[in-house]
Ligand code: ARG
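One chain follows as structure tokens, the form predicted alone.
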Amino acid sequence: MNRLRTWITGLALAVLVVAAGCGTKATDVGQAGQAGDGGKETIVVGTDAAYAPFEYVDADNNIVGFDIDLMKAIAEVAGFDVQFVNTAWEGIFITLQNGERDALISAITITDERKETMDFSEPYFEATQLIAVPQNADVTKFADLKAKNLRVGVQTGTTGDVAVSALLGKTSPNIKRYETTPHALQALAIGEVDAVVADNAVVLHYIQHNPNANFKAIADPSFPKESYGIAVKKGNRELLDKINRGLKAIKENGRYDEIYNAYFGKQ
């Protein structure tokens, strides 16, 4: 789950929501292993901040969102500091493999293919895909996208891309791939595509905060449930254990629910 950092100005302002408190500057970078202000180890965390409400850049150029608050809470109880680096989705996994990032949190779906090259924390969020179409569209299910020969927008390399590729064929000319989900939704707004398939929370967030787009969301039982996880370099058991301990702790002490409710409402 799953975004170029070139913002279309109007779209960027629309998707930014003041849902988080203090954030990290989008331009922050850090070095793995350096001590933070409190003498703790600093973990450099990559995130593709174009995926509201999970991670995005606010009007003050801070990286904020559900994932950001979650990682901060994990770090606080696990005993390390975090430094977030805005990292484009295309290539984000390479930064983990070559050591530029210690961890990634970016609404990343845990898949068997990804587990071959990186390790994941325990799941922290359950998602699925949704179809976004204009209100007047005659679409009721996923199969309609093929049956009606529709042009479908997806973000390159996401699980939405995988699902649509399986339906239409990976090289289908009806698949229009974009570097961010907001770009795909903007393409839908101007009629460049007929539908967009993307993660449910992101689609619903966009529809809620862009009522003039006149989109509706279509669910389909054929979309499997997906779990998001925090990724670390393959074999980095020490960091993975710290993250899992922190995640377990904030689920037990109620902090996870507080963060979840702030972005998505009570479960």
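Residue numbers here begin at 1 and follow the sequence given. What you see is a predicted model; the values in this text were computed from it and never measured.
Absent from the display: the form predicted together with this ligand. The rest refers to it.
Here the chain stands by itself, but in the model of the complex one stretch of 232 to 240, 49 to 57, 217 to 225, 203 to 211, 49 to 57, has heavy atoms within 4.5 Å of this ligand. Contact annotation: Asp69 falls outside 4.5 Å of this ligand in the model of the complex, judged by heavy atom distances. At a distance threshold of 4.5 angstroms between non-hydrogen atoms, Leu130 is out of contact with this ligand in the model of the complex.
When contacts are judged by a 4.5 Å heavy atom cut-off, Ile108 counts as touching this ligand in the model of the complex. Although the partner is absent from this view, Phe142 stays clear of this ligand in the model of the complex, with no non-hydrogen atom inside 4.5 angstroms. Taking this ligand as it sits in the model of the complex, the stretch 184 to 218 comes within 4.5 angstroms of it through a non-hydrogen atom at just one residue, Asp199.
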